[in-house]
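Take a look at this one chain, the form predicted on its own, written out in structure tokens.
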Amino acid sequence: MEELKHINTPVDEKTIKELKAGEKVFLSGYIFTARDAAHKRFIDTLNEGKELPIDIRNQVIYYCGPSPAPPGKPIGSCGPTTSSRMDTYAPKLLSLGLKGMIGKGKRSQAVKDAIKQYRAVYFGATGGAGALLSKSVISSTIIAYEELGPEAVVRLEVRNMPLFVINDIYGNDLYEMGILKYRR
């Protein structure tokens, strides 16, 4: 039986080196949600010469717009959104020290190249399983851009969030590996 890796945030260089495309991991610690609108604000802020509202060095951003929390819960459903929508912004954030991204779907070649260059990782979360993923969330706090509603930047504390390594620092891509497996 394949061993699951347990990793924690902030993500360090040693951990990044050990992760390989196709591996299953449980992620624990603090992560930040950010989607299209928040990413655009991040880049606009940087272009204005200002600091981001969060220190992204060694952090993980989850491409997610969580739904409101029902009574007694820290969060509502929190499934991944399509990652390619953040591809324009990701290389810049990776260059500033972002170490992990969580979403669903393939990434552009520019993002995969930046993952290798800046030594980061792209995790896949199961699309359509937002209610299940929300069970990994212990707490949630809005950090920035509250006026964006579900696109605000939210700090989530997660415990054993189930993920797959999609793109690693060695240039491997789980989606491409899957296609090759069945072409043989």
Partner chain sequence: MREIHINEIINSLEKLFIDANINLSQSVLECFERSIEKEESPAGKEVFRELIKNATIAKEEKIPICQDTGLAVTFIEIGQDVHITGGNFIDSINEGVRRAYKKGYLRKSCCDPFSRKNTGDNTPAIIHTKVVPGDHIKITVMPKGGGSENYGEVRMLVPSQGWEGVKSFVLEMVNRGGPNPCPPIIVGVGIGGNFETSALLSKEALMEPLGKRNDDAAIGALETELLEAINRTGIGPQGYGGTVTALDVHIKMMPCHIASLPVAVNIQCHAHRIKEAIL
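Positions refer to the first chain, counted from 1. Note that the coordinates shown come from a computational prediction; the quantities given were computed from them, not determined experimentally.
Although it is not shown, the form predicted together with its partner chain is what the next lines describe.
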Heavy atom of C78 within 4.5 Å of its partner chain in the model of the complex: yes
Contact test in the model of the complex: L174 vs its partner chain, heavy atoms, 4.5 Å: yes
4.5 Å heavy atom contact, A125 and its partner chain in the model of the complex: yes
Contact flag, K24 vs its partner chain in the model of the complex, heavy atom cut 4.5 Å: yes
Answer range among 138-146, 112-120, 48-56, 63-71 for contact with its partner chain, defined in the model of the complex as heavy atoms within 4.5 Å: 63-71
Any residue of 87-114 that, in the model of the complex, places a heavy atom within 4.5 Å of its partner chain: K104, G105, K106
